[in-house]
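What follows is one chain in C-alpha cells, specifically the form predicted on its own.
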C-alpha cells in the first residue's frame, strides 16, 4: 500500500498548515499520522471515518476546521467535532445539476439498454438488424417517481419532464414548493401530469422509473428492500445517486436475478467501494464508481469551497449566510468573500454569520 503523502501549504508568514494527500482511501491511522502535531485544518472525503479519534487528534494539533469535499457528511460525527471545537464544512450549491444529470443518464441508459448493447458490439456479436435486438423502454408518457424532492431530486424531475415528457409522482415528507411551482407555471406539454404521493407504496406501485434522492439516516436505511422491490413493476427502472445504504443490495441482487426486465442504475453502493456478491454479473444493472458530481466545473467548485471552509475558519471569518448560493466564491475574476461558505455546526459553535 502506498504511503500517505502530506502536502504542507503555507501562507507567506508560515502560520498555516493544511494536510492533504493523494492516496485513494485513508484509514483513521493514516489520517492521524498526516495530522501530526501541527495542523490547522483538514480537507477530507466521504470515504473517511471522522469521529472522536480524528477530531481529538486534530484538536490536539491545533486544528480548527475540517471540511468534507462533498455535500453529504454522514461519515462525520458532527457532535464529536463540536465537542472538540472543530468546525465542519461541506460543499452544497455546486452539485445539483451535475448529480441530476447523471441520474437522468442512468435512467436513459437503463431504459434503452445502452451498456448491454455497447458490450454486444465490442464483443463482435452484431450480425445485422433484428426486430427484437435490445428492445428497451420508451420514456415519453411514462411515469417517473422522485423519492426525496430536494434540490437534486427536483432538478432531476424537471429534466425528465422537460426532456422526455414523463408524468411525475414525487414522495417527500416535506412539500416541494419549488417543484410544484415549476408545474404551476405550465412548463412541459400536455398531457404531462404530476402529483405528490401520500405513501411510498403508492409511488412504488405506479412508477415506471424511480430515482432515489433522500438523505441517509435511520429512516431511509434500506428504504428499498425485499418488500418494497416486490411492489414495483416488473419492468421498472430504479436509479440511485444518493447514498448506497438506502438500498438493501443483497435483496436487490436477488430481485434482479428473478426479474430480468427490471433494471437498475447505481452510482453508490452499500459497502462502497465494494459491491455485494453477484451485482457485477447482472446484465440488467448499470454500475458506475460514484461519479455523480464528476463534472469538471463541479469538482473544481467542491475543492474550492472545501478549501475556503477551512481557510475561513482558520482566519476567523464569519459563516456565509446562504450555503446554497455560492457563486461569489467561484468567480475566478474576483476575490471570494471573507467568509466560510458552509459550516454545518456553526450554530452549535456559536460562530457569527456574515452580513455580506
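Positions refer to the first chain, counted from 1. Remember, it's a predicted structure, so these values are computed and weren't measured experimentally.
Omitted here: the form predicted in complex with a small molecule. The next part is about that form.
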**OP:** Look at the stretches 278 to 286, 229 to 237, 146 to 154, 125 to 133 and give the one with heavy atoms within 4.5 Å of the small molecule in the predicted complex.
**Re:** 146 to 154
Subject >> the small molecule in the predicted complex reached by all of 99, 213 and 243, non-hydrogen atom within 4.5 Å >> reply: yes
Subject >> Residue (of 203, 86, 71, 179) lying close to the small molecule in the predicted complex, criterion heavy atoms within 4.5 Å >> reply: 71
Original post:
Heavy atom within 4.5 Å of the small molecule in the predicted complex: which of 172, 208, 116, 270?
Top reply: 172
Subject >> residue 95 within 4.5 Å of the small molecule in the predicted complex, heavy atoms >> reply: yes
Subject >> residue 198: touches the small molecule in the predicted complex, heavy atom cutoff 4.5 angstroms >> reply: no
Subject >> Contact flag, residue 292 vs the small molecule in the predicted complex, heavy atom cut 4.5 Å >> reply: yes
Original post:
Can any non-hydrogen atom of residue 220 be found within 4.5 angstroms of the small molecule in the predicted complex?
Top reply: yes
